[in-house]
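Shown below, as structure tokens, is a lone chain in the form predicted alone; questions about how it binds or moves come after it.
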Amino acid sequence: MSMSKEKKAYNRTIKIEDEEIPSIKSRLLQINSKQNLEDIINKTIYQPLEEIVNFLPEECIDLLFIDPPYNLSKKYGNTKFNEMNNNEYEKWFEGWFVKLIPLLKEEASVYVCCDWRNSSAVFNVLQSYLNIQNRITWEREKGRGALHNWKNNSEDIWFCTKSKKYYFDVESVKLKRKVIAPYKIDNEPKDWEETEDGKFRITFPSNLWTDISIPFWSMPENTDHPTQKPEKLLAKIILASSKENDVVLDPFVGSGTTSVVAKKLNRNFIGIEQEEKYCIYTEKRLLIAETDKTIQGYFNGVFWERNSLHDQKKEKMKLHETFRLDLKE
């Protein structure tokens, strides 16, 4: 299975050399009996969810992130998903979703991705089993548009909790915005600050996310997975709804974004994926994350607006310089 391709200049897409594959594959886990948490923590399980969900330990998950196949005919590696009518998709979703609920701790949070076609079906299932707290809509900024319809440029994420008591850290997910029209009182900045890089305001997050960039060829997190979620998106969710050392589960982990971001943010993770190719990408990215903890668009404890890369680079250089000084000490 060759996964190595020639890359053009400036293409930073993750590349896996053929000689790497055997050692990476040896890191994958397969199970066929009931597991304890310590047996599967910080592992990538290379099996279909439906085969192993009953082997997973109960009441151990703090945060569940689900990015299932949307109700579209699409191929994921060697697996093809066929579009259904909405009622069929709802039944399919509920069939495996209910088996994940016993895995959750009482104060656990759940985030489920979907698009406008299947958002109502997902909502119908979620409201039957969980407390729905909000619906996040995020701008994908991708696609060529449509001649006879509005360009589909957003996706939904349903935010739910198992109980009415749950963890949410709003301070960890604030957004850093440039101030267009700075307002002053007595000649002092009102709710903004002026730095050597410009005028900025730190704002509370809303349920409309317009600062996310889809991974593409010049981003070092990019793989050839057709529906890869951005690390920045997962960072928002993981920081807001989990604490350090909590356990994050992704039952459709794909090329590993959830596991990688959890590792970068000092959380534990469990990733499940039935495509070997994407499991290998996951493990490759986890190896990279051992030395590179950066998340595009997230610096110094705040999230930056999209396309403010110049300012982000300045912050990144400052962080790297601090890191080098720490090593010398």
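The first residue of the sequence shown is number 1, and the count goes up from there. What you see is a predicted model, and the numbers here were worked out from it, not measured in a lab.
This protein has a second form, the form predicted in complex with a small molecule, left out of what is shown; the following refers to that one.
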Please run the contact check for Glu58 against the small molecule in the predicted bound form: heavy atoms, 4.5 angstroms, yes or no? no
4.5 Å heavy atom contact, Gln274 and the small molecule in the predicted bound form: yes
In the predicted bound form, does Phe303 have a heavy atom within 4.5 Å of the small molecule? no
Heavy atoms within 4.5 Å of the small molecule in the predicted bound form: does Gln47 have any? yes
Segment that reaches the small molecule in the predicted bound form - one of 262-270, 31-39, 66-74, 288-296, heavy atoms within 4.5 Å: 66-74
Contact residue in the predicted bound form, from Lys105, His225, Arg135, Lys99 (heavy atom within 4.5 Å of the small molecule): His225
